[in-house]
Structure formats: structure tokens, C-alpha cells
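What follows is a single chain, given as C-alpha cells, in the form predicted on its own.
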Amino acid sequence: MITVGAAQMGPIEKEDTRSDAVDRLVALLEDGASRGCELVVFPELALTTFFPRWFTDDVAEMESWFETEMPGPETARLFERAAELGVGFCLGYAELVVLEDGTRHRYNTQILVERDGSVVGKYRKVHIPGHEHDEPGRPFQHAERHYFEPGPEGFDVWDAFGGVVGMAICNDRRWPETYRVMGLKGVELVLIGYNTPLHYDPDPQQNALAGFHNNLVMSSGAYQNGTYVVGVAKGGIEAGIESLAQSAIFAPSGQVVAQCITTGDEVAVARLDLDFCSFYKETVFDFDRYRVPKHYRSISQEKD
């Protein structure tokens, strides 16, 4: 059994500091701890505004949004407070890696931190949406492919919090392969942070379906792999752009067991029985018995 909090955040504005964001993260952590949480899950890019909505070729300006160490000067107190409370957390942020030869890599990253404050897992976003080049005709940019490269490690899982835990970020949640790769590794709890604008410029007819699609993909990912899924938003109106909230926790049955009801800072809490996963992993989705991989080979073929 584990009590998990989906720690949704409201907007972070461009002028807000890292320290401002960490103040809010600590408050959410303390709220979760007061309600029995052993693990609190924060959103994607939880330390900053969603900066890919602005395009720039200035490398220094781009990298001002990124962290070079974790914990760092501003985030250390989040780790310290978590260890004091005995509460673990999952945190999304922009990561800058500079190699000895000067090569620079920028990732959209999420880490899993155990109850003693130690980092036990790191995931770097694989499915990078949006565009690489300046598109000034849009009402706002979605330049994630300009800021980030895909994570090289793929989808891993970690033995933590008494179970098998995996992570994914935002657009990853839309792809069934995300859950299935972790499902094949026995995942029991998938932690997902997201920032999702309610306006989708390439096809605005999808705008009205944002909440439906959000629930659809996480519910189906949970059910088809016999796992819990925790999806956590940074929502509300940020820099004049409205983003989806509706953070929720899904059971292996696909049902919602807890959900945020506001678009601001809020923690939705659920007590999860990880053994419940076995009811689905050992019956309808018994992979060893029922999967037929020879018919799935086209899924893993390289793109032309």
C-alpha cells in the first residue's frame, strides 16, 4: 500500500523566480504529507513557466531556464524538507548536460526521489512535440523541438516505494508504446507530468476534446498494462495562455480514483494497493500467455 498525491500547480509566470516555484512545491509537499502521502508527484517543468511558448536563438537566454545540477541552490531545500517529512517526490524540470568536450545536451527531465531525499531514478522525455523552427504566425509558439532533444535512455522502471515505478512526460502519455514498454518490465505505478495548452494550433477542432483525450490515454494505458497512472498538470492561464488541469490518479481498471477539481495548486490524494495490479497482469493482460509479438514487428521498425 502507498498513499500518493498528485500535486497539481497553477500558472508560473515568466517573471516568477525558481525560489517562488520551490516555495509552492514545498507547500504542496507539506499538504500531501499532512494527508498521509508517501509520494508526491509534481508536473512537467515545475520550476519555470512553460518557456517553449517563446522562440529564441539566443543560447544564453534559452539555457537560463535549465538546471545544471539537481539538487541545486534553489531546489536543495525541497529535498531537505522531503527528507525531514519522510515523503518522496517526482519532479519535472529542464536539464542541461555539458560534457567534458563542451558538447551540450538539453533534456525535458523528470526525477524520482525516495523518502530519504535520494534520487533513485531519472527519465528524459522521448516523444518531443511541437516544432523546431520559429513559426511567428501561431498565437504562441510550441517550440519544444527547438529547446529539447529526445531522451536517449528510453522507458525504464525502478524498484522504489515498495513497487515497480516508471515515469513519462506530457506527450509521452499519448503513445501506447510508452506504457507497453514499461508494462513489459512489470510496472505498477507510472508517474506523468504535463503542460498542455488548450489551443492546438495545427488542428483547433481538437481543442474541445483536450480533457477527454487526456483521460482517454492515461485510462487506457493503465488498463492495458495493469498499472496505476498518476497524471499531474501545470494548468490555468499562464502568460495569457490557458492550459489543461484535470490532474488525476487512475487504477489498473482504468477508473479514476482521485482528481483535482481546480486549475490551481491542489493535491489529489489516493491510497493505492499495488497488489491490485496483479488482477489485470495475471488475467486479461497476462503478457506471457497472450501476447503474439511476431505480429507486432512493424511497431518497432525504424522510420524510413
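All figures in this text were calculated on a predicted structure; none of them were measured in a lab. A residue's number is simply how far along the shown sequence it sits, counting from 1.
What comes next is about the form predicted together with 3-methyl-2-ureido-butyric acid (CDV), which is not displayed.
S.K.: Of the residues N225, N195, T109, T178, which one places a heavy atom within 4.5 Å of 3-methyl-2-ureido-butyric acid (CDV) in the model of the complex?
M.R.: Looking at the other structure, the residue within range turns out to be N195.
S.K.: Might Y200 be said to contact 3-methyl-2-ureido-butyric acid (CDV) in the model of the complex, defining contact as any heavy atom within 4.5 Å?
M.R.: Output for Y200 is yes: heavy atoms within 4.5 Å of 3-methyl-2-ureido-butyric acid (CDV).
S.K.: In the model of the complex, does F42 come within 4.5 Å of 3-methyl-2-ureido-butyric acid (CDV), counting heavy atoms only?
M.R.: Outside the cut-off, so no.
S.K.: When the contact criterion is heavy atoms within 4.5 Å, does V187 count as touching 3-methyl-2-ureido-butyric acid (CDV) in the model of the complex?
M.R.: Answer no; every heavy atom of V187 is more than 4.5 Å from 3-methyl-2-ureido-butyric acid (CDV) in the model of the complex.
S.K.: Does the 4.5 Å heavy atom contact test between F50 and 3-methyl-2-ureido-butyric acid (CDV) in the model of the complex come out positive?
M.R.: Yes.
S.K.: So if I measure heavy atom distances to 3-methyl-2-ureido-butyric acid (CDV) in the model of the complex, which of the stretches 92-100, 78-86, 155-163, 168-176 falls within 4.5 Å?
M.R.: Correct option: 168-176.
S.K.: Contact check in the model of the complex: K125, P129 and H142 versus 3-methyl-2-ureido-butyric acid (CDV), with a cutoff of 4.5 Å between any heavy atoms. Do all three pass?
M.R.: Checking in the model of the complex: K125, P129 and H142 are all within 4.5 Å of 3-methyl-2-ureido-butyric acid (CDV).
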